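Consider the single chain below, provided in structure tokens and representing the form predicted alone.
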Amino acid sequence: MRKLIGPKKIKTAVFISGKGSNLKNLIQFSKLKNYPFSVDLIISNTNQAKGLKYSKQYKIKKKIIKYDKKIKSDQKILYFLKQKKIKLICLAGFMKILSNNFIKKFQGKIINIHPSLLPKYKGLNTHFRAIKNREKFSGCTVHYVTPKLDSGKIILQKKVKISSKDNHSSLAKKILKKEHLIYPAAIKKILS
């Protein structure tokens, strides 16, 4: 009897700069039958990114692009994306800003996870700022990437209550748990 082949998974690249906990989470979700994507390439701007270890662990090709000359770096990345037939880019703690030209080439195919309830607290130090301003809630947002920082159309958000005992690191942990839930869900939403 012929084995039924499931729907083809969308080839995805994940860009990281740090620990890669969202990367690891996306890889694990991509292995599930009902998730419509596969992680085929990991790109980092630094060889110090701890998340690069998942490349070896899960046998996924990795590329380290220093990002010292933006246009050259973008061209290198575009070359590798084309080589691997990448159709979706997920930014997961990638601490570099992609050029407008790069974003235009992949318009509507680059998404990012941000640790705040956008449009509030774009950019860095989101947890510090939310606590300092005595916010009752923070959270995370998955959104499309546009040339304007953290301003693309929102795909999914998850709210987290800020308690009076929270500091930036306890809030970061709470929000990270939610990030791990909504990032794969957001990918599923846009690809289904």
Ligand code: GAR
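Predicted model, so just to flag it, every value in this text is computed and none were measured. Throughout, we count residues from 1 along the sequence that is shown.
The next section is about a form of this same protein that is not shown, the form predicted together with the ligand.
Using a 4.5 Å cutoff between non-hydrogen atoms, residue 18 counts as a contact of the ligand in the model of the complex. In the model of the complex, the ligand sits within 4.5 Å of a heavy atom of residue 113. Contact between residue 95 and the ligand in the model of the complex is found at the 4.5 Å heavy atom cutoff. Although the partner is absent here, residue 22 sits close enough that one of its heavy atoms falls within 4.5 Å of the ligand in the model of the complex.
Residues of 167-182 that come within 4.5 Å of the ligand in the model of the complex, judged by any heavy atom, are 176, 179 in sequence order.
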